[in-house]
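Just the one chain here, laid out as structure tokens, in the form predicted on its own.
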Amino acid sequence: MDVGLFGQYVMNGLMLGMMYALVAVGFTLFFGVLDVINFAHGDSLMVGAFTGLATYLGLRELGVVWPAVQVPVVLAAATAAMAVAGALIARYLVLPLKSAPALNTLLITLMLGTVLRESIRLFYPAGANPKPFPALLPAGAVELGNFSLRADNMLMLSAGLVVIVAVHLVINRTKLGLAIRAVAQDEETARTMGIDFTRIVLVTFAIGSALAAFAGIMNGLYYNEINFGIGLLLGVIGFSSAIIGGLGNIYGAIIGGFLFAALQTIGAVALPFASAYKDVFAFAVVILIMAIRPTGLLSEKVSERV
């Protein structure tokens, strides 16, 4: 294979992997602190992307046309909005069902995802149609044969890496992170030590939902288009990535995200009709991995939860 073309495939895989990893980390955080799967997480990503688009359109109406201002404001608005939404979901939908069967939480978050998706489709102006997402990042590129090193891709990868490192530092180097890990490991002991369980759950859901919004903005910038259905596939892929990495392990979720993107890339290169079969190939391999290693690639750190 041409080296430049191979490099292009690697870059595409890295971009997809970063988005999947961010979504997968959210699933892992939710499961870690409360043992729940939030199936509205993918649709939170979609709402975050539309929030970012609406913010951009509002800035343009106000005459703010400088990308250096637009990008941070769009990111801040999308992540803040979804952080608040995530905390509200935890407070009013998930926590009240804490003692109920797990199936109840799965069902209510699944229905919530449908509500979010249909709300955008019905109430966002022409929400049923795909929306062009503005190209807010520099469009320059360095051409190396068949390999095009795009400035916007490098900026997004760098930003995603910064976010992942920031999450790592928060979880492992701060009192908040210590409290999150304590709640994840043993809720009752954490309560006994004076940790505000409800506050930690709300903050964790806020962080996970903000990560989804960040991934949604990345998706819009990468494809220059969003639609009300993007959360469906990205949610399933993010959940699958968290599962194959080891649900409850943040680093496993990150590895799972990049692994799933690598499988898609391999499928696109190796199979005929690549665009049609790459997802089928990736999910088939995930099924095989789960059959061989039901607990995921990375073992949980404790016997019950991480």
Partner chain sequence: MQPKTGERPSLWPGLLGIAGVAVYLIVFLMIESQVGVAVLLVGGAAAVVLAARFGALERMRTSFAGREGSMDIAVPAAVLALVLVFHQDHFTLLLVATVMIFMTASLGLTVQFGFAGVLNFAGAAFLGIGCYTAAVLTKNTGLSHLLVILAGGVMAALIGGLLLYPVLRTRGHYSAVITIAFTLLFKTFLEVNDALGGPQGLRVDGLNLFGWAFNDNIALTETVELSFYTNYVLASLVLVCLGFAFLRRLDRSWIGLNMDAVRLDETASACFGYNISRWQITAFTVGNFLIGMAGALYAMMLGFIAPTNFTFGDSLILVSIVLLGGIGNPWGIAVATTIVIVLPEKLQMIQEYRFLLYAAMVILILLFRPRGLLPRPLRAYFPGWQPK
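Positions refer to the first chain, counted from 1. If you're wondering where the values come from, they're calculated on a predicted model, not measured in any experiment.
We do not show the form predicted in complex with the partner chain, though everything after this point is about it.
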Could you spot which one of Gly177, Pro96, Pro132, Gly145 gets a heavy atom to within 4.5 Å of the partner chain in the model of the complex? Pro96
Sort through Ala166, Ala102, Val84, Ala151 and report the residue having a heavy atom within 4.5 Å of the partner chain in the model of the complex. Ala102
Given the stretches 169-177, 193-201, 217-225, 87-95, which is the single one in contact with the partner chain in the model of the complex, using a heavy atom cutoff of 4.5 Å? 87-95
If the criterion is a non-hydrogen atom within 4.5 angstroms, does every one of Pro72, Leu75 and Thr189 touch the partner chain in the model of the complex? no
Using a 4.5 angstroms cut-off on non-hydrogen atoms, would Leu106 count as touching the partner chain in the model of the complex? yes
Counting only non-hydrogen atoms and a 4.5 angstroms cut-off, does Phe258 reach the partner chain in the model of the complex? no
Is it the case that Ser158, even though its partner is missing from this view, gets within 4.5 Å of the partner chain in the model of the complex, heavy atoms only? no
Taking heavy atoms and a 4.5 Å cut-off, does Asn249 contact the partner chain in the model of the complex? no
Which residues in 102-122 have a heavy atom within 4.5 Å of the partner chain in the model of the complex? Ala102, Leu103, Asn104, Leu106, Leu107, Ile108, Leu110, Met111, Leu112, Thr114, Val115, Arg117, Glu118, Ser119, Arg121, Leu122
